[in-house]
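One chain is shown next in structure tokens, namely the form predicted alone.
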Amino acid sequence: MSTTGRGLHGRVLDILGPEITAGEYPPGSVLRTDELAQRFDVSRSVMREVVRVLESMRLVESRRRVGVTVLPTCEWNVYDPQVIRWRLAGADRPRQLRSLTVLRSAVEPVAAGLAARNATAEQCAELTERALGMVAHSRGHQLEGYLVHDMAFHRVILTASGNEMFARLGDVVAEVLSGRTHHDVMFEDPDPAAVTLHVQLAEAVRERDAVRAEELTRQITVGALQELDILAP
């Protein structure tokens, strides 16, 4: 493990962040940085860097004469990919996955309709390439390879929409897809119908069929919710 300041603060964050998001430090708890520095055997400067990162995520707030205080969940930057990753690693995973998948179902169909209108030839080609990559990894328990293409596919859809707000959700969607795979909230092989829908969506975007693109994406997200009902009730 790296002994640099960055490596040390990352090691502390990997433990302390999930503890906060899991509720081991309830809102209003005061974190004693001296005690934490001793617990993790790091310097005060490393702990100050840890606090700065947690503050940027709105998990904690430094208050004069009080210290570092854990904020309520409603204050957290729930779109931060690291916060999403930490929450998906905890006991609240089913609810978090459902919340994020509902977000996807609200955003991605609209983004796909826009992508059908705005995608460049290069983006259409990449969508087709990624869809075929999903097909190639859809059998034989190749979920990691499938995930690479699945994440890239949805990033292209969001980016090709031409809406910078949608594009910024690429990391959020990637964390949802990654979390499902790495926490065994996927079947051993992806649903064949879902794979086919991605191929058809790539075709709809290339053909500039916005209505069909939107409907196909809605079917993809509805299918994802139905899988959660089975795998993460």
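Fair warning: this is a prediction, and the values are worked out from it, not measured in the lab. Throughout, we count residues from 1 along the sequence that is shown.
A second form of this protein, the form predicted in complex with another copy of the chain, is not displayed here; the remarks below concern that form.
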**Q.** Which of 173 to 181, 47 to 55, 29 to 37, 193 to 201 lines the interface with another copy of the chain in the predicted bound form (heavy atom within 4.5 Å)
**A.** 47 to 55
(Q) Please identify the residue among 132, 106, 91, 125 with any heavy atom within 4.5 Å of another copy of the chain in the predicted bound form. (A) 106
(Q) Taking another copy of the chain as it sits in the predicted bound form, is residue 68 near enough to touch it, meaning that at least one heavy atom pair lies within 4.5 angstroms? (A) no
Q | Partner contact for residue 78 in the predicted bound form: another copy of the chain, 4.5 angstroms, heavy atom | A | yes
Q) Quick one: does residue 188 come within 4.5 Å of another copy of the chain in the predicted bound form, counting heavy atoms only? A) no
Q. Is the gap between residue 142 and another copy of the chain in the predicted bound form 4.5 Å or less for some heavy atom pair?
A. no
Q. In sequence order, which positions of 8 to 42 have a non-hydrogen atom within 4.5 Å of another copy of the chain in the predicted bound form?
A. 9
